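Just the one chain here, the form predicted on its own, laid out as structure tokens.
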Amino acid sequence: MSLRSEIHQQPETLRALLDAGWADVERAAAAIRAREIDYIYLAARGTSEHAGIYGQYVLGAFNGLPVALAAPSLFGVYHRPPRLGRALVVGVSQSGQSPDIVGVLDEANRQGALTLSITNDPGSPLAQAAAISLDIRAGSERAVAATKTYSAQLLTFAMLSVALAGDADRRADLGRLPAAVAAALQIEDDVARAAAGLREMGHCVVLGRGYHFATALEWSLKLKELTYVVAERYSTAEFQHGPIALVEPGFPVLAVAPRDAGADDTRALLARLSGERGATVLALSDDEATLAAATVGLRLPGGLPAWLAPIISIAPAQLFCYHLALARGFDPDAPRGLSKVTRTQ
């Protein structure tokens, strides 16, 4: 099974999770509501941490829950864990195998905190360490670079947010996701052409803000993993506090900029980068004015609220990395120096 085929499996993967996962998510939400939770403490690495950052936004925006990102080294290296008694401690890992993430949940259990795992392997050490385990139900993912497991992690956070709030309208929006992701995958020919046009780039920045920051992080990681491009990632706000000095004529800027509350500021920045600074700006967006401000625009399907856009926009971003790897003469199914499961202490 190839990376490309797993990218294209995402509508089916999301539909299967929506069909079979609600009962477990509802039970998890009930257990969380039964506890006096002040905040969420989230432990993850790499792609799974990016999914957690999406969770940080959606759980903060709709459930009023602060989400802090764990520093696992405090547990396994320095042996100075923080106090976690009133936290929901969440471990996120596709494989559930990394000892440092398991160690965070072990310490949380010792302190009496409620623990939750989000993983693709319900028999993994991480799932076994958690009081509550959510299976993302993505099926076998053989490609080294995570794709469908990432989108399933995003959807799991979205489902948990909806279940905690008991929001029927947002639950109905979730049901429209698989079709929207399928539509996003239909722009593959445009994505491949855009990738071919940037095949000579050795560096770039990837921008996104708010809900879309997670997509910028994950797009940047996939560029590094599959194409070996030095891809720095920033929120559009942070980028203007110094890193914008990098931009000179021809500098590649990749942006994920769907229509939302921050769209006006993002559009103005992209217009400034492509106009005044002469950057080569590639934008993923469903907003006509934003697409017009970019050097190259890739049109996302519209119609769903901004909080769901990261589950849609990541699919063409993954395809971009796949096609850029091919254009640069690399095998996206065998990225150098990587293995499917990474175990850090």
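Residue positions are given as counts along the sequence shown, with the first one as 1. All values reported here derive from a predicted model rather than from experimental measurement.
Form predicted together with a further copy of the same chain: not shown, discussed below.
In terms of contact with a further copy of the same chain in the predicted bound form, the residue from 188, 225, 173, 135 that brings a heavy atom within 4.5 Å is 225. Contact with a further copy of the same chain in the predicted bound form, defined as a heavy atom within 4.5 Å, holds for exactly one of 103, 262, 178, 122, namely 262.
Contact check for residue 248: a heavy atom falls within 4.5 Å of a further copy of the same chain in the predicted bound form. Residue 38 belongs to the set of residues with a heavy atom inside 4.5 Å of a further copy of the same chain in the predicted bound form. Put simply, residue 303 is far from a further copy of the same chain in the predicted bound form: not one heavy atom of it is within 4.5 Å. In the predicted bound form, residue 230 approaches a further copy of the same chain with a heavy atom inside 4.5 Å. The stretch in contact with a further copy of the same chain in the predicted bound form, judged by heavy atoms within 4.5 Å, is 62-70, chosen from 286-294, 316-324, 62-70, 23-31. Contacts between 318-336 and a further copy of the same chain, taken as any heavy atom within 4.5 Å in the predicted bound form, involve only 336.
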